[in-house]
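Before any questions on binding or motion, here is one chain by itself as structure tokens, the form predicted alone.
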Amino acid sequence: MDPAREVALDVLRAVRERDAYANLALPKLLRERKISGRDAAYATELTYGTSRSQGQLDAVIAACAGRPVEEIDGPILDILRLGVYQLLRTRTSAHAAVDTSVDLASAEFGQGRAGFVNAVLRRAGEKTAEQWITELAPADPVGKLAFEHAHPKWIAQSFADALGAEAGELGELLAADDERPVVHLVARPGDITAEELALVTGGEEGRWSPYAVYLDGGDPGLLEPVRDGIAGVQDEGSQLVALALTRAPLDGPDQGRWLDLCAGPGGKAALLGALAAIDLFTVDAVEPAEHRAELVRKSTRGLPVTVHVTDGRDSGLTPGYDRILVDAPCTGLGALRRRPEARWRRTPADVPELVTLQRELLTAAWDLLRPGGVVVYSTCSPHLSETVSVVADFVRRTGAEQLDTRDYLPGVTGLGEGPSAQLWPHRHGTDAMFVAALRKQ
């Protein structure tokens, strides 16, 4: 069997059967099976592309099979998704896409089911992707764009709502969501500059964060600065969130007590710790899950960061912090580029429970903040229920002073009407991070 297709199929199966994460399962299997070079690149394209396109692929499969995909056995559906993706969204020849898929089905299930796979794929290959989109896409504008770019309609609608008056950019945003993101590195302040990191790695200095470097590709874990702990992998948007916290003005002097209330896996805590170390400040980092807390410890080793394994809603920490970051758990709709299967896992029913958690964490942070201190609330989601609605409700209940966050992201354009800031993949090349700064009267 073709090793690239076989490993892609195994990852798709793990995602479907065990809720595995494709971006974690695939590298592990590639290492175990010693797959590299072109085969590894092709396996990556097939795995991530099929995962991202699942909804669109399922609509084509259902039309060709004459039955809903829920009535097709999971292992056969995995093979069909992989085959239809090759037919419609890659340059793989129709002959190769069909024959290799039939071989996969035959090897595992015999000729009977292989014949079903053959029939469905041959029907799918009778039309181009554009023709299938024209035939199957909903008539309404948002639904059509969602289908064309393989997003659930509810997610596309939430993006359009967040774009507001700029909803005409929805197609561009959805297209950006389907592109493989550039690797972003962060240079640890006090250890290496972005200019030096770019020279060492062959990367390019970032546009927005003074610590960001862009890489075209490769495994960043093999880079010497990353191995030595003086640089890390961190989306530039996440860097800007941490920087906004350090730049927002306090009432009264900064006594150097900072808190990251939702610290796992540790990227923002590490950047905050490095910045705090320059002024001999300290950072407390809260993470309730031990395995994620260990990631925070590794990320912040050698920095003035103390990790607390506790629930941020009832941390037991002593109040009086100058600056608190609440990078709250969320739907993750702003990072769909990096988690290819996530768009098909989330549902609108996930939002209310997360909003409740977000409000509780923000309230807990407020209780730990000193008068004149600043809380920065952020989510990796632009969904209005998780962003401006949470902040507006909190300001109404507490009388918090909402600062214009855009002032603390100097040089960054296209952040919205304020006072909060919204980053976008199609505008900024970052995850869709939302940021709001609140000062205690």
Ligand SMILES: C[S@@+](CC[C@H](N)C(=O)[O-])C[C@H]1O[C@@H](n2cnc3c(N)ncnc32)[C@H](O)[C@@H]1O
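Just so it is clear, the model here is predicted, and its values are computed rather than measured. Note that residue numbering begins at 1 and tracks the sequence as displayed.
The discussion below concerns the form predicted together with this ligand, not included here.
The site on this chain is open, since this ligand, superimposed from its pose in the predicted complex on the surrounding C-alphas, has no atom within 2.4 angstroms of any backbone or C-beta atom. Across the options 216-224, 259-267, 117-125, 198-206, residues that bring heavy atoms within 4.5 Å of this ligand in the predicted complex belong to 259-267. The single contact residue among G171, P288, G143, G229, judged by any heavy atom lying within 4.5 Å of this ligand in the predicted complex, is P288.
The partner is absent here; in the predicted complex, the one residue of R180, R345, R313, R247 having a heavy atom within 4.5 Å of this ligand is R313. None of the heavy atoms of V186 is located within 4.5 Å of this ligand in the predicted complex. At a distance threshold of 4.5 angstroms between non-hydrogen atoms, P329 is in contact with this ligand in the predicted complex. A residue is said to contact a partner when one of its heavy atoms sits within 4.5 Å of a partner heavy atom; L357 meets this definition for this ligand in the predicted complex.
Residue contact with this ligand in the predicted complex: R339 places no heavy atom within 4.5 Å of it.
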